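We begin with a single chain expressed as structure tokens, specifically the form predicted alone.
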């Protein structure tokens, strides 16, 4: 069973200024609920018992919020990433605490609404194939360059495909419209690739590069997530998420 998850949440949220001048971007509310709470609840509803939030020391509001909750059905732990050197570097912060063969990773910028929790769908693919899994959505051609594009082998599973390679933010041609969307089941062997600290797109240590190396070495799959995603790193998507979840409550 997958019982541990990490949530990288150390970024400064510069795309969301001025909102993030007074609070962490993960604490921006969507209809009265901090966005990080939606993601933590998704993890809990997917069977996660221990959640490691990867933050920087300025994000005391996140700690204060979770310390105030008495009914949370998971243990919250904190890891500190003082230098924001990329997503791959953030995941590497968890190396010393994740001893399980496999663990989950949920990105703090991705908010989902799904009939089955997005992470639970990814975990179901892991349970079926016992391998590392990248959560994806199928997007239109014009949006592929914004994400990691998956080179796949279709073996007629409607919920999953074989992952042969993954390319971060491809320019021009791209392997497929199945793009990574911030939900993963990772093997602890991913740390072997992350420790090489390979500099990738944007001058950062990209998780995508290690996912590519892992897929070519050990094999991987994608999970085709059934649901709607909001990028809560963007002001427009935050407003869309607020309107969407407001309508759901009516």
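Bear in mind the structure is a predicted one, so any value in this text is a computation, not a measurement. Positions refer to the first chain, counted from 1.
Separately, the form predicted in complex with a small molecule exists; it is not shown, and the next lines address it.
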Thinking of 95, 191 and 213 as one candidate spot, does the small molecule come within 4.5 Å of a heavy atom in every one of them in the predicted bound form?
no
Per contact check vs the small molecule in the predicted bound form (non-hydrogen atom within 4.5 angstroms), the hit among 162-170, 70-78, 96-104, 124-132 is 162-170
Going by a heavy atom distance of 4.5 Å, is residue 46 a contact of the small molecule in the predicted bound form?
no
Should residue 148 be counted as a contact of the small molecule in the predicted bound form, where contact means heavy atoms within 4.5 Å?
yes
If you check in the predicted bound form, is residue 87 within 4.5 Å of the small molecule, heavy atoms only?
yes
Do residue 220 and the small molecule come within 4.5 Å of each other in the predicted bound form, heavy atoms counted?
no
